[in-house]
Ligand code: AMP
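As structure tokens, one chain now follows by itself in the form predicted on its own.
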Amino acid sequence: MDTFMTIRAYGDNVDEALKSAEEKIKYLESIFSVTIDESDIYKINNSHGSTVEIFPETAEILGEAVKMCEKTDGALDITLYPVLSAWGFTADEFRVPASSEIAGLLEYVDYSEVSVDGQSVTVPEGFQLDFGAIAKGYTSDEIADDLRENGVKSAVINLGGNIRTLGKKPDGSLWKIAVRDPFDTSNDLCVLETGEISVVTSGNYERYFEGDDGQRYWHILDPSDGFPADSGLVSVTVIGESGLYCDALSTALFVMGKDKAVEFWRKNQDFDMILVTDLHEIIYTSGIENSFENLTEMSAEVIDSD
């Protein structure tokens, strides 16, 4: 999953619980990775149109991923891997591909071409999958369940900034979760005071490179044109019950931009969000109004469901 992970757990069976969690993370990495030869995703990406039998966990996350692609009208697309590779984000060999190259690769980007039947999956020749926008969220949910089954009632799971809490603090008080300032990553944008929740942030400051033209190119691509999503947003944080849901939405809402993201929230209202625009504005939803503390000089506007 290409990130630094930490888990803090409290309880009587912590050592065994953390060992189990570590094993679960390694197992999921082994079947979700795009680079491990024996992983499900590697096999799918090199299937040349043939049907591949996959593990139950892969079938589960793939089914949920396709649903999120549909729900976001393709703002999230798990078949974007060929374009990500062309930009060099998958191997840290960055380059700016020609428009003609991207146009050719976009012919292999369409989540609706993914066929899942139980534990069998088929994608057309040339199509490739990537769980980069959902794997950490799914894993955080799995780890939370695993810790709970091992008797842990209080924990913080941090998978590269993808936060999942379990219960409350050992003393019964609420957790305080900081969100990074996209304009000054050494400082925090805000603090959220919350109980058991998932908090996932996507931003253009997380993984990027500067081209020979002096422009910054970030890893969140717009599936509609194959270029870094230039939506007017620099950071999107999604707060909700499901890590996978929040992970998928943080990417999709970034691609949508402010107006469509607000429209999507008003239509669904099963999550909260914090948007930061390139004009140094903070917009956050009314569901977290009482738990949100702005730590910056930026203006912060609350939006409601009307």
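Everything quoted here is computed from the prediction, not taken from an experiment. Each residue number is its position in the shown sequence, starting from 1.
The discussion below concerns the form predicted together with this ligand, not included here.
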- Choose one stretch from 111 to 119, 95 to 103, 202 to 210, 139 to 147: the one whose residues place a heavy atom within 4.5 angstroms of this ligand in the predicted bound form. 202 to 210
- Contact with this ligand in the predicted bound form, heavy atom within 4.5 Å, among L221, L233, A155, L189 goes to L221
- Note on the structure: In this chain shown alone, the residue from I61, L28, V255, I239 with a heavy atom within 4.5 Å of this ligand in the predicted bound form is V255
- Applying a 4.5 Å heavy atom distance criterion, does I177 contact this ligand in the predicted bound form? no
- Item | Distance check, G226 to this ligand in the predicted bound form, heavy atom within 4.5 Å | no
- Message: Although the partner isn't part of this model, could you tell me whether G132 comes within 4.5 Å of this ligand in the predicted bound form, counting any heavy atom of the residue?
- Response: yes
- L76 within 4.5 Å of this ligand in the predicted bound form, heavy atoms: yes
- Query: If we check this ligand in the predicted bound form, which of the residues in 241 to 260 reach within 4.5 angstroms of it by a non-hydrogen atom?
  - Reply: D247, S250, T251, V255
